[in-house]
Ligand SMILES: Cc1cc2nc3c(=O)[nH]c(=O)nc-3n(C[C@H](O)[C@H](O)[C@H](O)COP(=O)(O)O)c2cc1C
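Before any questions on binding or motion, here is one chain by itself as structure tokens, the form predicted alone.
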Amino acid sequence: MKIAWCITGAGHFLEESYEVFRTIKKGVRPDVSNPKPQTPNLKITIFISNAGVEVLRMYGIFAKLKEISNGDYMEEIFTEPEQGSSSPKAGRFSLKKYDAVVVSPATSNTVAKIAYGIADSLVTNVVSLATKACIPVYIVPTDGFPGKVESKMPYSIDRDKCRGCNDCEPRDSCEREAIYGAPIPQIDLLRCDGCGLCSELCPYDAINGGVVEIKAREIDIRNVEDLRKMEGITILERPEHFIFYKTHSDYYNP
């Protein structure tokens, strides 16, 4: 089986999505009636939006994607900067080379574009062509349900804990020169690769990820409801629901 995993620029659900596809790639079948690991003939291609590339690096996940997609045919990693405006590799969906598309996480911006039929990015092009080819699409929105959720943030410097040391080991040890400024430095998240070394080196525990509470806007919720009505699209509340949704399908059969 061949799955296309699309990643957009959200930190929420990002690590969970990575763990889901790493689990799927290992061939583990989460079925209590058949708990033994399976090894399906499964190939995963990853399609990443512009913002997705940046966020994956911030959270230290970009390099890990090779554990899922090793670069062989139908197991490539395609990024929007490399694909350009025409997204040529999205043409595979017109040829029905994939059995399913999973967009996880899907930002409110991506959800809105899909809901309104806009295909002007790598991920929205993939979804558009997949639905036209009757390939099932599964979408995990980050902002689509009532209530508040907690979202993990990339590394930042706590200005109340930072001592503004002249000899700042985290800053001096950062190979990407992502820490800058004085007396209280900041982290340039577009340079940061989420390695976590700075957090380990700070003796005052001033550098951490942190968690924020977010709430979906009414328009985001409406857009998700519009997606539910679209033929060929299934909305999932969490990334791991894709595993259980497909537990009894051919994805987990050798």
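Residues carry their position along the shown sequence, with the first being 1. Since the structure is predicted, the reported quantities are computational estimates derived from the model, not experimental observations.
This protein has a second form, the form predicted together with the named molecule, left out of what is shown; the following refers to that one.
Among Cys192, Cys198, Val55, Ile44, the residue placing a heavy atom within 4.5 Å of the named molecule in the predicted bound form is Val55. Among the residues Ile187, Ile61, Ala51, Leu227, the one placing a heavy atom within 4.5 Å of the named molecule in the predicted bound form is Ala51.
Put simply, His12 is close to the named molecule in the predicted bound form: some heavy atom of it is within 4.5 Å. Residue contact with the named molecule in the predicted bound form: Asn125 places no heavy atom within 4.5 Å of it. Although the partner is absent from this view, Asn109 contacts the named molecule in the predicted bound form, with a non-hydrogen atom inside 4.5 angstroms. With a 4.5 Å cutoff on heavy atoms, Pro154 counts as touching the named molecule in the predicted bound form.
Partner contacts here mean any heavy atom within 4.5 Å of the named molecule in the predicted bound form, and among 100-108, 83-91, 69-77, 173-181 they occur only in 100-108. Along 135-158, a non-hydrogen atom within 4.5 Å of the named molecule in the predicted bound form is carried by Thr142, Asp143, Pro154, in order along the sequence.
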